[in-house]
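Shown here is one chain on its own, the form predicted on its own, set out as structure tokens.
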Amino acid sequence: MERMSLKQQQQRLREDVILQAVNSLLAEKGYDLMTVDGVAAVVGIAKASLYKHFESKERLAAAAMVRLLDRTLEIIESQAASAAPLDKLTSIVRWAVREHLRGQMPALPSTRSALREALIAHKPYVDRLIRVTEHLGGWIEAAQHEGAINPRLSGEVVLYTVFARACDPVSDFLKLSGAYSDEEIVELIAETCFSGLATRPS
């Protein structure tokens, strides 16, 4: 692999800072309320300089979502091959909730959002989303086969339930209450996601 020049390293570092700011603003405000001016202000650069890296608000958001999926794939691929499928899924949910509590988990685009339309047209995002979905879908199917997840539920329902934990407002309310530590919230969300609310035999 060719070594990056100092200028390329500086550009990569600046883009990392920009995308971290985009993640925070997407998590805090959502796509519709996030502005390029706001991103530039958080990063501390002129808007014209920001446009040298990303040509539009849509490209900014798409790059942030691609970076998020890259991180998700890293977490997926770090799971031990010998681990039970349910344990792998639970690990992903724990990671996603931790990222959410840190303010680094962009809210998932709604079915009618402008962001969703931009992402659907962005091949790098779609390619990574397919890979993430295939991994998680395989684990869900295996967990259902083992009886660890209700086999009567469609895989799609389980998959979207797992995805939704990444932006679950319950974790925000629990944090605001001040009654729980972040790790306690992580475990509570993971437990209700996979064990539900019904009493289980001890």
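The numbering used is simple: start at 1 and walk along the sequence shown. Owing to the predicted nature of the structure, the values given are computational and were not obtained by experimental measurement.
A second form of this protein, the form predicted in complex with the DNA, is not displayed here; the remarks below concern that form.
Options 170-178, 47-55, 135-143, 65-73; stretch whose heavy atom lies within 4.5 Å of the DNA in the predicted complex: Answer to the contact question: 47-55.
Sole residue of L159, V36, V42, A148 within 4.5 Å of the DNA in the predicted complex, by heavy atom: Of the candidates L159, V36, V42, A148, V36 is the one lying within 4.5 Å of the DNA in the predicted complex.
Distance check, S24 to the DNA in the predicted complex, heavy atom within 4.5 Å: Output for S24 is no: heavy atoms all beyond 4.5 Å of the DNA.
is_contact(Q11, the DNA) in the predicted complex, heavy atom dist at most 4.5 Å: Flag for Q11 set to yes.
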